[in-house]
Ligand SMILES: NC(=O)c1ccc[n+]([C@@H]2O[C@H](COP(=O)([O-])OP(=O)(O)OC[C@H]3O[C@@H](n4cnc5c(N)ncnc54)[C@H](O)[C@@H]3O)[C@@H](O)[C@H]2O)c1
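The chain below stands alone and is given in structure tokens; this is the form predicted on its own.
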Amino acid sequence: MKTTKVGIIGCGMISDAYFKASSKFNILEVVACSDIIPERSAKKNEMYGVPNVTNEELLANKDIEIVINLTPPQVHSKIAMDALNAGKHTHSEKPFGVDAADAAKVMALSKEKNLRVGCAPDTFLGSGQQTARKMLDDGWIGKPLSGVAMVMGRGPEKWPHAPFFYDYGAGPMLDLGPYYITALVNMLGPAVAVTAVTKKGFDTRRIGPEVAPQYQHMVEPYGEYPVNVTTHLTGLIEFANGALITVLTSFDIITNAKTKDYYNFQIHGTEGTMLVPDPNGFGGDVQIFRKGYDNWVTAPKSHCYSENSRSIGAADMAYALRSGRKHRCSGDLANHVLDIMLAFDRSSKAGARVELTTTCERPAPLPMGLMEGELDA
């Protein structure tokens, strides 16, 4: 199959997975990269031999079909629209945007230009979530009725860029929520409403003593910094299929990381319960408990991609462009996930249930029997 040439805008921490993508997905060829900090893109040129250029030069490159947008969340929508206006399809890191109005503009422009938009997370295409989807679709727990999806912790204070996670466009919901909400929509389909309560546990945070020793030299400029987002969000998502899922995301809770009690993901059905693996990863085991069982049973994995396969969503878009099918990490999916996440603070502020303004189709499951590096049978 003919390769699809892509350009990467944003050469920060997550970009390495995308630069390495062509070694796993032969359909992708990274031909240019750029960053608002030129030293970053120059470093990637040294590491991977990919030409580093300006954003303008990258967008003007007629060979590039897909722009991979790895910029900070606050400019995801802007870069996506720049790419669309340059005649490029675009795949963004999560979240799809930080503002519903800007996200809607991206969707409208993609339709106007007849170009595709997509967005991470793509972890739901890994073996863990694809197996959970198949077990659910095959009726192993009956009709889904309820569930819980929780991801909790004290926050990323041990990282030198911790202030980023407490600023507009981040927080536990927009940073970690996309993995859980996308996994839920993949399994259950679109949602219709959210009822939630949210709060900010601390007005300020302090970075310093808790930072890992190798990062200590990087934290001096921060010290104490403001918290500009809610950091504990809990609520109920109503899905169109009738399932009610309780969701909690928090940076305000002290947990034991060794025992992994910082997350819990369960779906309860008429015939049993399914334990879903951590969606902030590609692998993990699916466990089933049904009436009459003595203990949990681990389901055999139905699909490959158990290891870190970030960039699989961009590769899926490239395959879809060649075949004409729908891509799985679609703009409709990402925009609906954003709508759900933003509804938590909207509901809390209003003190009422809020109905969602978007919807989407469930993404198609991956075919069974694929080999690593394949996405179409």
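Just so it is clear, the structure is predicted and the values come from calculations on it, not from any experiment. Quick note: we count residues from 1 along the sequence shown, nothing fancier.
Below, we refer to the form predicted in complex with the named molecule, which is not included among the displayed structures.
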Inset, instruction - Determine which one of 343-351, 314-322, 33-41, 57-65 lies within 4.5 Å of the named molecule in the model of the complex, judging by heavy atom distances; exactly one does. - result: 33-41
Inset, instruction - Evaluate residue 365 for contact with the named molecule in the model of the complex, applying a 4.5 angstroms cut-off between non-hydrogen atoms, and reply yes or no. - result: no
Legend entry - Proximity of residue 21 to the named molecule in the model of the complex, heavy atoms at 4.5 Å: no
Inset, instruction - Determine whether any heavy atom of residue 71 comes within 4.5 Å of a heavy atom of the named molecule in the model of the complex, and answer yes or no. - result: yes
Legend entry - Partner contact for residue 140 in the model of the complex: the named molecule, 4.5 angstroms, heavy atom: no
Inset, instruction - Please state whether every one of the three residues 156, 227 and 252 places a non-hydrogen atom within 4.5 angstroms of the named molecule in the model of the complex. - result: no
Inset, instruction - Name the single residue among 265, 179, 282, 166 that comes within 4.5 Å of the named molecule in the model of the complex, judging by heavy atoms. - result: 179
